[in-house]
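Heads up, the chain below is alone and in the form predicted alone; it's given as structure tokens.
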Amino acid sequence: MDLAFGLLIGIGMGALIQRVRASSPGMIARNLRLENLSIIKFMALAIAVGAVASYVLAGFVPMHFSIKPTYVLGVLAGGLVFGLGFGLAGYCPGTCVVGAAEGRKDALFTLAGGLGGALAFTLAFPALERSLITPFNYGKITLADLIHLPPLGIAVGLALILAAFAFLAPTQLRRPS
């Protein structure tokens, strides 16, 4: 049942990604250049819904939230690699899968590159652990731990801010040349 529920959510998210044309590297490039905000607004709304829905679903379905440790150097290095790959390929992991399902060859190569990168990181993890993971590792902390507010209140506040952005921000900032 859990896998079927996850599959349904994944199919729905893939349909929404295709609907906002987030599987198009050109559209992603226009969003990264802040010419068009449709994907950014879509992601803001998805985070807003997910932030609240995860707490609502936890009230009905047994869920396990796994907070990952906050290791600053590793997250910075991973963010740089991710951002570079995102900018060069025009895909992130989710949009890459949707692009591959559409039959885009560049998405298939990007997906293979992402899987290869994940394998390389897994193999290099023991060597990287001492230099990237251990220093500045603050453990499993959350925003609620830092500011001492209830997690659901933070989720609702974040959701309201992101939903307001999604509905009020303009979509087209500059016409593509």
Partner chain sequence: MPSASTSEAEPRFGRLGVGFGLLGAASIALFGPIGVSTTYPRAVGAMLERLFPSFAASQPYLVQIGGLVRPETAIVLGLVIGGLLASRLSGERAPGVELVHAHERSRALRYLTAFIGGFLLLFGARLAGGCTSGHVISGIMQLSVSGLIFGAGVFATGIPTAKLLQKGR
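Positions refer to the first chain, counted from 1. Note that the rigid core is defined as the largest set of C-alphas that superpose within 1.5 Å between two forms. Just so it is clear, the structure is predicted and the values come from calculations on it, not from any experiment.
Here the subject shifts to the form predicted together with its partner chain, a form of this protein not shown in this document.
Peer 1: Would Ile161 count as touching its partner chain in the model of the complex under a 4.5 Å heavy atom rule?
Peer 2: Although its partner chain is absent here, Ile161 would stay clear of it in the model of the complex, with no heavy atoms inside 4.5 Å.
Peer 1: Hey, in the model of the complex, does Gly59 get a heavy atom within 4.5 angstroms of its partner chain?
Peer 2: Contact with its partner chain, no.
Peer 1: Classify His64 as contacting or not contacting its partner chain in the model of the complex by the rule of any non-hydrogen atom within 4.5 angstroms, answering yes or no.
Peer 2: Yes.
Peer 1: Hey, in the model of the complex, is Arg130 touching its partner chain, heavy atoms inside 4.5 Å?
Peer 2: Arg130 lies outside the contact set for its partner chain.
Peer 1: Determine the residues of 42-70 with a heavy atom within 4.5 Å of its partner chain in the model of the complex and present them in sequence order; the list may be empty.
Peer 2: Going through 42-70 in order - heavy atoms within 4.5 Å of its partner chain in the model of the complex - the hits are Phe42, Met43, Leu45, Ala46, Ile47, Val49, Gly50, Ala51, Ala53, Ser54, Tyr55, Leu57, Pro62, Met63, His64, Phe65, Ser66, Ile67, Lys68, Pro69, Thr70.
Peer 1: Core superposed first: is there a CA shift of 2 Å or greater at Ser131 between this form and the one not shown?
Peer 2: Shift of 2 Å or more: no.
Peer 1: Any chance the CA of Pro62 moves 2 angstroms or more between this form and the one not shown, core superposed?
Peer 2: The answer is yes; the displacement is at least 2 Å.
Peer 1: For Gly117, does the CA position differ by 2 Å or more between this form and the one not shown when the superposition is done on the rigid core?
Peer 2: Gly117: C-alpha displaced by 2 Å or more between this form and the one not shown.
Peer 1: Might you say whether the CA atoms of Phe65 and Thr122 end up closer or farther apart in the model of the complex than in this form? Their distance differs by 3 Å or more.
Peer 2: Farther is correct, given that in the model of the complex the C-alpha spacing of Phe65 to Thr122 is increased by at least 3 Å.
Peer 1: Explain in one word, closer or farther, how the Cα atoms of Ala163 and Leu7 are placed in the model of the complex relative to this form, where the distance changes by 3 Å or more.
Peer 2: They are farther apart; the C-alpha distance rises by 3 Å or more in the model of the complex.
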